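A single chain, nothing else alongside it, follows as structure tokens in the form predicted on its own.
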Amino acid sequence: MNTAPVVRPEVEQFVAAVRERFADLDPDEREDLLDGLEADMSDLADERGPEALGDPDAYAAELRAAAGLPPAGRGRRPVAERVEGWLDGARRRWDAVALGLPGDPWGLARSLRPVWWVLRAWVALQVVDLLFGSGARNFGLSPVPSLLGWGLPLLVVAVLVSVQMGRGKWWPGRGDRGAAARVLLLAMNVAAIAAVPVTVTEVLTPAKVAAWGMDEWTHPVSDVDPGVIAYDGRQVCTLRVVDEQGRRVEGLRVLDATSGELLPLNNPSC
């Protein structure tokens, strides 16, 4: 079975930078001129190391001169081209920093992209539920968004869309996307990352924690006798109810919400 050759990240960055210097050419003319560049640079990097690639500006200038082309224009480019140039430059700088870290954490993060695609869809739907659905009307979100009973099927659809965008199959994640699509995808990812803490906090509200029986996990009370009054895992030894003049009110009872039993307001075990 034939497999595509693995291209070094340094070669990808170099070729992308060279292509930027030929943005003034028609796509067909540019492809004719740069066809095989990636393979040639890969062979060069394999033989002499990544440092042999050199400066993409100098390489592009020599290639343009050899092809009889004028120097790359330095005039004001369209907004879309400038945005794409800025995004490409930011990506190269990020890759240069990330590839230099020990243990290849960036490679690990890239291998976990499918997890992020699913999480991104879940967070997006939770935000919709929080703003417009049941999350805005009750005591918090649910792990599966409710959205008037459509939460689960909508979550499946959202995950499908997010994964297909991440795989580069659907806009705005396709490889032929323009500057607007790249900016939109970047904004979506940044917004999803920023919404993760808020979403998790709204899912794990105190009321939800109590409803799911997670109190002992979040606030262990195993050392406190269940027959006494406790607060935040500590036994309460002094509990008095007074009126607005500070006089003690007698004869009060505590209602046990579980059993419905009225209990005297005292703590004789202290």
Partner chain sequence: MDSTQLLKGVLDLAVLAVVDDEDGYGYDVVRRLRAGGLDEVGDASVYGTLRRLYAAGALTSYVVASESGPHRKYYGITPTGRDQLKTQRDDWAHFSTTVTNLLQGARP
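If you're wondering where the values come from, they're calculated on a predicted model, not measured in any experiment. Numbering follows the first chain given and starts at 1.
FYI, the form predicted together with the partner chain isn't displayed, but the following is about it.
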E202: touches the partner chain in the predicted bound form, heavy atom cutoff 4.5 angstroms:
no
Using heavy atoms and a 4.5 Å limit, would one call V241 a contact residue for the partner chain in the predicted bound form?
no
May I ask you to check whether D57 falls inside a 4.5 Å heavy atom distance of the partner chain in the predicted bound form?
no
Does the partner chain get within 4.5 angstroms of any non-hydrogen atom of E47 in the predicted bound form?
yes
For the heavy atom contacts within 4.5 Å of the partner chain in the predicted bound form, list the residues of 38-56 involved, in sequence order.
E38, A39, D40, M41, S42, D43, L44, E47, R48
Tell me whether G85 and R30 end up closer or farther apart in the predicted bound form, going by their C-alpha atoms; the shift is 3 Å or more.
farther
Are E29 and W86 closer or farther apart at the Cα level in the predicted bound form than shown, by 3 Å or more?
farther
